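Below you will find one chain, with nothing else, as structure tokens; this is the form predicted alone, and questions on how it binds or moves follow later.
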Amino acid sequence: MSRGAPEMVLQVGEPMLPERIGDLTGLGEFGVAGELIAAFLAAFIVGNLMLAMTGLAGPWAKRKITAAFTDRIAVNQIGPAGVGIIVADAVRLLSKENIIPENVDRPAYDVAPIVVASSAMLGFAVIPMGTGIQLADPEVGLAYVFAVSGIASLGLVMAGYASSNKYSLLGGLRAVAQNIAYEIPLVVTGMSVVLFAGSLQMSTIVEAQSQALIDLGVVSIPQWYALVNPFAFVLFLIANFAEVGRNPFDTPEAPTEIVAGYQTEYSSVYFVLIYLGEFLHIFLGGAIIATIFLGGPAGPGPAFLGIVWFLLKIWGVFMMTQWLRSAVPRVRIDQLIEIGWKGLLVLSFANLLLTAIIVGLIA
């Protein structure tokens, strides 16, 4: 980065978004009730920002990107560049009859879509998106986001089991087997970042990356952990793609094998929730990658541009998932499990050991 455009740095201890809203609206003067309302408003803002991104990505961006890769036209008739398809799809899906198959386990069948979508939304609570744009900053932030994102596995296996459909059951079993196989390498690789930063707190991890890695006079390269440890960055990317079920690791859905897997028997609003949860988890994975490897909201220019840089990094990860979806073939389920347990797991522990040795020598 040039010296003429200094990098925005996130400072630890800055007021969180609920506190800023409380001060701005005067709600902070009403005690606990005011703080709860301010926290609700802050969560409402962040949640709707993520939902808006998901609404743009699912019905429209996914189709346009895939069409560009496969030399097709995609949506272009409804609104400018076909962007009206977002509203059209929403009306079409939500107005359809919600068909409930016979012999389903009704409580689990009803709850599963909510679990899949809400587990991703909970993860955004500790993600620093810019100066003061963060709902909470606990000392165990990274552990928290891994924990709540893992709840989605419960929702997927509930959907597969409760649907009373052999294809759904296979999809649910594949999903939980895949998540177990890749969750461990994901967490272990994330711990290598913790060794560098010395903390699980998300704001501290971002601040630790604000120093210059290489100063060439005119250009200063930031100490982003993707540059400090590119091996860990690549491992984390691969494990994340498996966690969110993107190619070549989309075997839990595998339309050519098991129709659509765990979501085969869902329709109308239930299907929307599962589809929404899928894209929310892609963006959550991108947010985690941006935070622990790409400096979070750091970027050239003033502090208020931090949210812009952060969202661009998330969309960069999303673009990569769509590229893989169009360019890389799906692996078989046995290959997927073998890659996770025999490949990524061993490499992630090797990376953790190597990182510990390097940090120890530097200390």
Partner chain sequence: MSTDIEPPRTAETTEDELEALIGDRAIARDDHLNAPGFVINPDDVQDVLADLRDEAGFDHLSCLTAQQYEDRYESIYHMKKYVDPTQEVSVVVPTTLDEPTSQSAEPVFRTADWHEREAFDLVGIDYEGHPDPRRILLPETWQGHPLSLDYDQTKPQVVTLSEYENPIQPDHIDSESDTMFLNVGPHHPATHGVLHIKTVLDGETVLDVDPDIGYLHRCEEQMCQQGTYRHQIMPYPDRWDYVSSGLLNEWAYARVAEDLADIEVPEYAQVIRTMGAELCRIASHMLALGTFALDVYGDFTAVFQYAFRDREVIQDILEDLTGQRLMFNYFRLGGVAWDLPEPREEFIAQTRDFLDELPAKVDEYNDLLTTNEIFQIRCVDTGILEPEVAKEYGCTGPVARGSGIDYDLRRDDPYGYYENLEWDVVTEDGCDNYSRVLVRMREVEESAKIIEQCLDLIEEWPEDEREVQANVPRTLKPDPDTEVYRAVEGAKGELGIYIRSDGTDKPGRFKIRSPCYHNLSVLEQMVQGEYIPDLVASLGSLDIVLGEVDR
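These numbers were taken from a predicted model, which means no experiment stands behind them. Positions refer to the first chain, counted from 1.
The same protein also has a form predicted in complex with the partner chain, omitted here; what follows describes it.
The partner is not drawn, yet in the predicted bound form one stretch among 89-97, 67-75, 120-128, 270-278 has residues with heavy atoms inside 4.5 Å of the partner chain: 67-75. Shown here without its partner, the chain carries Ile180, Leu235 and Glu243, none of which come within 4.5 Å of the partner chain in the predicted bound form through any heavy atom. For Glu257, a non-hydrogen atom is located within 4.5 Å of the partner chain in the predicted bound form, even though that partner is not displayed. The partner chain is not shown here, but in the predicted bound form it comes within 4.5 Å of a heavy atom of Asp250.
The closest non-hydrogen atom of Leu170 lies within 4.5 Å of the partner chain in the predicted bound form. Shown alone here, Leu36 lies farther than 4.5 Å from the partner chain in the predicted bound form, counting heavy atoms only.
The single contact residue among Ile333, Leu305, Ala61, Leu51, judged by any heavy atom lying within 4.5 Å of the partner chain in the predicted bound form, is Ile333. Residues are counted as partner-facing when one of their heavy atoms sits within 4.5 Å of the partner chain in the predicted bound form; in 298-331 these are Arg325, Ser326, Ala327, Val328, Pro329, Arg330, Val331, in sequence order.
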